Structures are given as C-alpha cells and as structure tokens.
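Encoded as structure tokens, the following chain is the form predicted on its own, with no partner shown.
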Amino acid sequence: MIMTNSSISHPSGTHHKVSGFVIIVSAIAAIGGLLFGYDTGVISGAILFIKEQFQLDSTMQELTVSVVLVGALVGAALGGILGDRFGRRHMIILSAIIFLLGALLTAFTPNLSILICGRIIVGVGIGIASFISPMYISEVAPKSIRGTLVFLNQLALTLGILLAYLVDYLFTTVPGGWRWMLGLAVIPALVLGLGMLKMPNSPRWLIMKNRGGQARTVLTKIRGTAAVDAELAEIHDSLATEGSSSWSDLFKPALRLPLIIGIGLAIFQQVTGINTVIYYAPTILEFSGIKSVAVSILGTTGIGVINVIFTIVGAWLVDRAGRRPLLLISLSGMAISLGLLALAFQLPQLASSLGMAVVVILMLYVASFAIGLGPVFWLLISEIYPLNVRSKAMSVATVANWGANLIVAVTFLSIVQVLGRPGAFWLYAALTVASVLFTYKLVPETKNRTLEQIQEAMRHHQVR
C-alpha cells in the first residue's frame, strides 16, 4: 500500500510533513473509542425497555446501567498490567474480542442475570480500550498534531454515543428492539479487531522491549521518512534516564505531580456529572415533562450531535490554543450550565417550557464538556507519564476515572431523591467550580513538545 504525505500547517506558521499512514493507524485504533462511546450511550435508551421487560425498580435500573463500570474497573486494572507485557496493539485487539463477546451475550440473553454478566464483560472491553487506544495513538503520533490525532479517539467516542442514540431511536418501536440496540456493537468490534491485525506495534513499546530494529522500521513507515534517527535517539535516551518499570516507580517523587494531575482530572471528569447526562439523558428529559419515550430519545440524539460537533471544534483548537486553555474554558462553561440546569428545575415559572429549557441547557453543558474536559483528560494522561511506567500510570488514572464514574452512576437517582432535582445539579456545579481551581493551579501545557520533552520538563516541574 502506497501512502502519500500531507503538509500540516502548524499554528506557529511552520509546516510539518505528516504521513498519511499515521492517520490511518490512528483512525483504526480510534474505533476502540467508538465502541467505548456506543456501549456507554446505548444503555440510556435500552434501559427504558429493559426495565419494563424485567420489571426493574430504580435500584435495579441503577445496577443494570452501572454494572458495566465494574467491568471497566477490572479492564482498566488489567490493561495496565498487560499493556507493557503484550503491547498496546495486542491489547486493543483483545478489547475488540471482549466487546464482541459482550455484545452477543447481552443481545441473546434469556434473563436479567446473564444480561448483567454480559454488561460486565462489555465493561472490561471499555476499561481496556478507554486508555490503551489514546496511549497507542499518542505513541505513534508526531508532536505537531498529536493532540488532534488523540482527539480522533474522543471524536470516535462521541460518534459512538450519537450512533447509540440513533440506534435507540430507530429500534424504539421494534419488538425486542433493545436486543438490537445492545447487539449491533458486534459490527465495530469486528472492524476494530480485524483492522488492528494490520497495524504496527507502537515504536516506543518496541524500544522498551529492546526491539530497536523493528521500532526503526515502524517509525520510518508511520513518519513517511527514513530520517528518524533523532527521534529514536530521544526515545532511547529518555528510557535510559527512566530506568526499569515497576509499580513502585509510581511512588517516586518525580511522578507525584503527574499522578496527582491524572487522578485529579480523572475524578473531576466524572463528578462534574457528564455520565448522568450520557446514561440518564432520557430520564432527565422525562423529569422535565417530556413523557414520550421516542421524543425523549430524539432529544437525547440532538445532544449527541452537539457532542460530536464540539469535539471536532476541540480537535481543531487543541494544537493551536493548547490543552490548558481548553480545559479552563470547558470547565467554566460546564459550571455555568449546571447552575442554569439547577435553576431551571427550581423556578416554577419555567414549568410550561421546562422541557425545551432543559434540552438547550444540556446541549450547552455537553458542548462545554466536548471541547475540553472530555478529550483533554485522555490526551494529557497519554502525554505526562514516562514511557517506562506510562501503561501503569494511565491504568491508575483510568481506574480512578471509572471508580468515580461508578459512584456517580449508582448514586444519581438516589441523590435526586434526597436533594431534589435542583439540589443534585447544584452539587455537580459546586464540584465543577472545584475542578476549575484544580486545573488553574496544577494542570500543565504540553502542546508542540515530544513525549520525551514533556517528561523531562515534568521531572523538573517546568511544564506550564
């Protein structure tokens, strides 16, 4: 296969030759993000029918929705252990196989118990793909467009969520349609697994495994040039400085700040409420007075479109404006949106138009999330950790992310019952304000630096 090189104009005004092959590699890996998004979003519509089929109360609904997160925690932990041993590429292939098995099991389940087991299996695939895909893309991407290419994973994730909403809507009137909703994930799972069979291993992982000759071959192919000596030398030097890889390395003083940043952003990404919208958007719209299941799912689809559009905007900005400004703008918009959402449920004079107001505010909230916090978290944790512990450190941050996700998912309906609808969203707004302060104080800027340059600067607390 012959690949052409394209000229990418960088914000600084310089031009960088970017191999078309690296874009293909990144796009195939990003299908893991699409599956992550699809299996995260599809339950929001399916649960409306599953609860009727199996006569579920609110507690069992929460369990059915959130049990996937238990699997995600397991997958995130296993991915960190196995990612260094078997490589990023093989772990993406494994996640595709797991997605395939989980989709088949949930689609053909005869009872609730097997459905829950299938959702756990799907969760394992999500947990692995959620950080292995962006890590793989980050390790193959050139520095000039690394942010944009890693954003491909988030764009695929948002497309997966939107696809899930559309599938939910299309199968609303089909008897047993929820089985189709859950089962159609087999298609992207097959594409991901078969596609990754043709993709190369990460050159940085190959160097870590003392396979320098293969690393040179891969890097030459994905850069579209044989002039890779300087990049190979930089990777070798960085790995020599970092030393061996073990879990105890995560507790070294040099990694303290990167771990705090990764775990902090992981938790804030969830406790600011995004997955209450992704999992429960139709339920929130029902709270606002929209009673039709079809209309509720259609409104949710509109939110999914906004998610995709503003992820594209973020992808265009991330290597221009930088990671840190996007995060601060994103979080500020989310805080304002959550405050407006709380007010919308609190003010009785809005009762007649509450449904429309909630849809508009949710769109503003999702747009704010999509342009920054959603994708930048995954990008940053793929950039700030040294190669020798990158898989393990990203695994720790991802476990924290899915742990916080699980807590939010299993408590949302209960928080609404205890604090009321306005109180729940005021709580999320307060946590979002806290995340703005955290980001302003600690989160670095990493644009237009190689991964090795970022790690050197982080080691001396010079990235800002």
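What you see is a predicted model, and the numbers here were worked out from it, not measured in a lab. Each residue number is its position in the shown sequence, starting from 1.
In what follows, reference is made to the form predicted together with a small molecule, a form of this protein that is not presented.
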Is it the case that S138, even though its partner is missing from this view, gets within 4.5 Å of the small molecule in the predicted bound form, heavy atoms only? no
With the partner left out of view, is F151 within 4.5 angstroms of the small molecule in the predicted bound form by any non-hydrogen atom? no
Taking heavy atoms and a 4.5 Å cut-off, does F369 contact the small molecule in the predicted bound form? yes
If we define contact as a non-hydrogen atom of the residue within 4.5 angstroms of the partner, is L331 a contact of the small molecule in the predicted bound form? no
Among N307, T272, S391, T106, which has at least one heavy atom within 4.5 Å of the small molecule in the predicted bound form? N307
Heavy atom within 4.5 Å of the small molecule in the predicted bound form - the one residue of Y365, W378, Y385, W178 that qualifies: W378
Assess the spot marked by S19, F21 and S202: is the small molecule within 4.5 Å of a heavy atom from every one of these residues in the predicted bound form? no
Would you point out which of 153 to 161, 231 to 239, 107 to 115, 91 to 99 contains residues with a non-hydrogen atom within 4.5 Å of the small molecule in the predicted bound form? 153 to 161
